[in-house]
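In structure tokens, the next block holds one chain alone, the form predicted alone.
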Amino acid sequence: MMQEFGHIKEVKGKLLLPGDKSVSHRAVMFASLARGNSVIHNCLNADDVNSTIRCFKQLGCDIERNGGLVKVAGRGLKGFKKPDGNLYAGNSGTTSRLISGILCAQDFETTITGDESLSMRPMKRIIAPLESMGAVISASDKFTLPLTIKPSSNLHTIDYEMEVASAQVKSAVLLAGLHLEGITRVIEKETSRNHTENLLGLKVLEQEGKRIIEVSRNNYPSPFEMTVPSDISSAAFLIVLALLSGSSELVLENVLLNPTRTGILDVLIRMGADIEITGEKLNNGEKTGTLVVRNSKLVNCAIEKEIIPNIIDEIPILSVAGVFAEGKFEIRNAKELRFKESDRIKALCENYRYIGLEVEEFEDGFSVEGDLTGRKLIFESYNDHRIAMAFAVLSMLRSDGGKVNNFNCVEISNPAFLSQAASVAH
């Protein structure tokens, strides 16, 4: 589906966005693990999270969804049943990688499959640590899906030091360790998203500049009720639109403000963004608050290596802000972008070259500067939801607007993006 976007003069209004994708995935998973009934409010209703729901239904959980309300009857420790077919994770890397840690501890064989895009994404990063725990896993010759996970009689605890900052790898190990009597430790040199630790209430130690996360069967979840905070990654697109449009003022309520996720706000504020944070509070271990975003003049700034893991999903829309900001936008130390739903470095560079900007592509990032051309443009989404929404925002900021090809890929994370933008755009 090709979607056309006209120019937006300003953004005004208030929004309560759907639940955070990362938290929604984990809420469904942990409710499925718990024995008994859990209730999740504001659970993101998008393809990726629905892939997680579908997989746990196949594993025997009774799950009912009514919009953002999800009720889960969990199966308890070792209570899952063998599915009658493969578990299809769709396009969701979070589903496929996190559920692998859970399946390693089950007493039946399971195969995980995915769509064409997910089937090209690297899985060795979870296979290696899980095999070091005694898991029995086979994959394709290129260490991609499908993954077949067999029962193991030798699953054991480990102390695992992360090679790259990855919340998905960390969570896969922690979820396998959740089924064991002894303590499994994951050691991080660079902090990645910590939603798994927060929602499970895991012990986290700080030693010699490293984070040590401990998990055991004592941390196995019980039934719960929670409200998922609004997704800051989805909010980022509207934040940039408001910052760069007319005399805008946008209010976003109940937004996730987890310190491992607010790197996008930190960078934008250093660029000169007028973003006010009010009403901060804790919600199931996660910090939330209200954002008030006002039109601002932005100036590009250096982006440090240490913050990259915490802005990795927001780099596409951050680069759009950089295109409209003063000076050259440059991002490095972000090779992980090449292994997302698309090669995001390549996708961004090709779209920016298409509109006449000066682009330099690196193995681990890119730089972009110059003036936008005035002609009507069609951008490629590369079937990647974050690329699609980034260039939707860029189109809305251009006086001549623009079009985005295959825009329906936004169903993966934010199916309501068009109605959200329309409700506050003037």
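For every residue, the number given is its place in the sequence shown, counted from 1. Since the model is a prediction, treat every value here as computed from it, not as a measurement.
The same protein has a further form, the form predicted in complex with shikimate-3-phosphate (S3P), not shown here; the description that follows concerns it.
K.L.:
So, 22, 97 and 193: all three within 4.5 Å of shikimate-3-phosphate (S3P) in the predicted complex by heavy atoms, or not?
P.N.:
Every residue of the spot touches shikimate-3-phosphate (S3P) in the predicted complex.
K.L.:
Of 175-183, 285-293, 249-257, 306-314, which is the one stretch near shikimate-3-phosphate (S3P) in the predicted complex, taking non-hydrogen atoms within 4.5 angstroms as near?
P.N.:
Contact criterion met by 306-314 only.
K.L.:
Does the 4.5 Å heavy atom contact test between residue 328 and shikimate-3-phosphate (S3P) in the predicted complex come out positive?
P.N.:
The answer is no: residue 328 has no heavy atom within 4.5 Å of shikimate-3-phosphate (S3P).
K.L.:
Taking the shortest heavy atom distance, is residue 165 within 4.5 Å of shikimate-3-phosphate (S3P) in the predicted complex?
P.N.:
Within the cut-off, so yes.
K.L.:
Taking the shortest heavy atom distance, is residue 71 within 4.5 Å of shikimate-3-phosphate (S3P) in the predicted complex?
P.N.:
Residue 71 lies outside the contact set for shikimate-3-phosphate (S3P).
K.L.:
Test of understanding: in the predicted complex, would residue 125 fall inside 4.5 Å of shikimate-3-phosphate (S3P) by heavy atoms?
P.N.:
Flag for residue 125 set to yes.
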